[in-house]
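Below sits a lone chain in structure tokens, taken as the form predicted on its own.
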Amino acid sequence: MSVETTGIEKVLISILRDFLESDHVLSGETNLVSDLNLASVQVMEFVVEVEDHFDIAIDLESLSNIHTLSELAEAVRQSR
């Protein structure tokens, strides 16, 4: 993982902490659905917040292959 992706991952964790109503332990390997029990609508809301924060757009095809925060960080890096 690149230094840039690691930095993005830290920002994603910060955004996700604000988004969640509970104190989950978060890392790059955190799975948005199975670990956090987020519904698909909640995942989309989180992704919209991420896109707004980084001023990017993640295409739906890429999004369908994203499960963890590390994978989302890499998608953000590639979209910049």
Partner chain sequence: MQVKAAKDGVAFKRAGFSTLIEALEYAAQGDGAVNFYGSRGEAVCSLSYAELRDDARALGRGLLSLGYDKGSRLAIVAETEACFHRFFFACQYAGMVPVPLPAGIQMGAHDSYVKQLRQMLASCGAVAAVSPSSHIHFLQEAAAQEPDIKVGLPDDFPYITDASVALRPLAQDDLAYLQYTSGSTRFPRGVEITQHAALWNVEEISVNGLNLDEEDRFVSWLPLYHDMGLVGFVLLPLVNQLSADLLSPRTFAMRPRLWLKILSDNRGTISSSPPFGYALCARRLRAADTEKYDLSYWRAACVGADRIYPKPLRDFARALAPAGFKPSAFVACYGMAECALAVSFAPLNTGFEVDVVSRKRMSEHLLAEPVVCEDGKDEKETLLFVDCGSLLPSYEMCIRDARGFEVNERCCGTIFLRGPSVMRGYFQNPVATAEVLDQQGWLNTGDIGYRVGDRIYITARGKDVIIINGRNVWPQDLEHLADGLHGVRQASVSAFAASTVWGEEVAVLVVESRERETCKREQISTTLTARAHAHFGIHVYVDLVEPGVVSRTSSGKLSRAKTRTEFYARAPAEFSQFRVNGAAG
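Positions refer to the first chain, counted from 1. Keep in mind that what you see is a predicted model, and the values were worked out from it rather than measured.
Unshown form predicted in complex with the partner chain; subsequent notes refer to it.
- In the predicted complex, residue 67 approaches the partner chain with a heavy atom inside 4.5 Å.
- Using a 4.5 angstroms threshold between heavy atoms, residue 37 counts as touching the partner chain in the predicted complex.
- Not displayed here, the partner chain is approached by residue 52 to within 4.5 Å at the level of heavy atoms in the predicted complex.
- In the predicted complex, at least one heavy atom of residue 33 sits within 4.5 Å of the partner chain.
- Residues of 34-64 that come within 4.5 Å of the partner chain in the predicted complex, judged by any heavy atom, are 34, 36, 37, 38, 39, 40, 41, 42, 43, 44, 45, 47, 48, 51, 52, 56, 58, 60, 61, 63, 64 in sequence order.
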